[in-house]
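Before any questions on binding or motion, here is one chain by itself as structure tokens, the form predicted alone.
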């Protein structure tokens, strides 16, 4: 095979009359005796390739390399439905780089009629279909647009640890045993909440991160164990400053990927008004026509209650709210200024409002944030309301209290659920459609078989012993 440089298929229309090399996957094959037609696909496009007395043995989805002449199609043979329908490829030489056997799932349709278990088992095939390729690209483009928008506003991107300590985020932690310190555990981060506040103490002032967050919670179509959020924090700001910055970044990024917005200015609803009007703090403001057109309707909800009564059926809430009260969003929020005294005195707990602001879109929560407690007495008072002793507060957030005593500025931020944003941009109804390798609805990994057992040697190294639950005798 010739050593010439590979030409992306999408650029072949500019190479009419030239001999070039292209590579990709055999999308379709049609045999007509001595002539074989294939449609060859790479990430840039699809082109019809013609072989005389060659390529008859090719199978669909095989990977091949072709050398040949790019030719203009006769006017009557032009395929107006294809971006490269004005040209075809006259194959002179070809090499099979990797033949494909019969596929366990087909990839030529949108895949919605294939059961999810099979699609996730063979996700590397499922991602070849056009719909999924477009979603992967959309996700990448949206993240790129957000990153650019934040750089324009002088934000600094900072990574925070994946092995950390348990934080109060309203869900169970995934824990990781320490080999070097027997009997001790790390926690995987439910969010970078505490680290991003410490970055404000450090003087970063404007931070962001595309953060991987991990929570052991019940799974559903719009939630999984792992998710990605745009995490940002700003110093010397009030609630309105953060909301305006986030609104501008979201609008700029949505438009950059061709998304359609219902409102140029996001409407703002008081929590109690939203509950009275919609019966929920997540609502959809679109008309039926706007829903059909895939329009995004963002809105803000503000002035949430800081605390709520513990739901005794929720194990995480029971653990967090020792007094019978727990936080509605997170315990690191600040109350609205008028209610600071109530919090400090532990009075009128059910009436205290927080500086929390939620971004909602199309009936989903698209993000949530708040102005934070930056003074130690406020954070300590929050945990006191939830029934924590001084020793428990010191053990859980003592590092935060210390940081707040050495010059931490007022600050606030937000976490945007990016999987959900892409789901809405792609007009899909499940998060698993917009994540490259999502877990199944039962919590199993795609492609690989996990959770799985580990060897006795690994357990011994980690100083662990498996004790299976006893099965009740019938």
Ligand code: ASP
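What you see is a predicted model, and the numbers here were worked out from it, not measured in a lab. Positions refer to the first chain, counted from 1.
Another form, the form predicted together with this ligand, is not on view; read the next lines as being about it.
The closest non-hydrogen atom of residue 446 lies beyond 4.5 Å of this ligand in the predicted complex. In the predicted complex, at least one heavy atom of residue 414 sits within 4.5 Å of a heavy atom of this ligand. Among residues of the shown chain, residue 119 is not one whose heavy atoms approach this ligand to within 4.5 Å in the predicted complex. Contact between residue 229 and this ligand in the predicted complex is found at the 4.5 Å heavy atom cutoff.
When this ligand is considered in the predicted complex, only one residue from 326, 355, 235, 191 comes within 4.5 Å through any heavy atom, namely 191. Of the residues given (209, 297, 370, 245), 370 alone sits with a heavy atom within 4.5 Å of this ligand in the predicted complex. For the three residues 253, 291 and 420, a heavy atom within 4.5 Å of this ligand turns up in the predicted complex in no case.
Partner proximity in the predicted complex, defined as non-hydrogen atoms within 4.5 angstroms of this ligand, places exactly one of 175-183, 370-378, 69-77, 395-403 at the interface: 370-378. Contacts to this ligand in the predicted complex (heavy atom within 4.5 Å) from stretch 307-333: 330 only.
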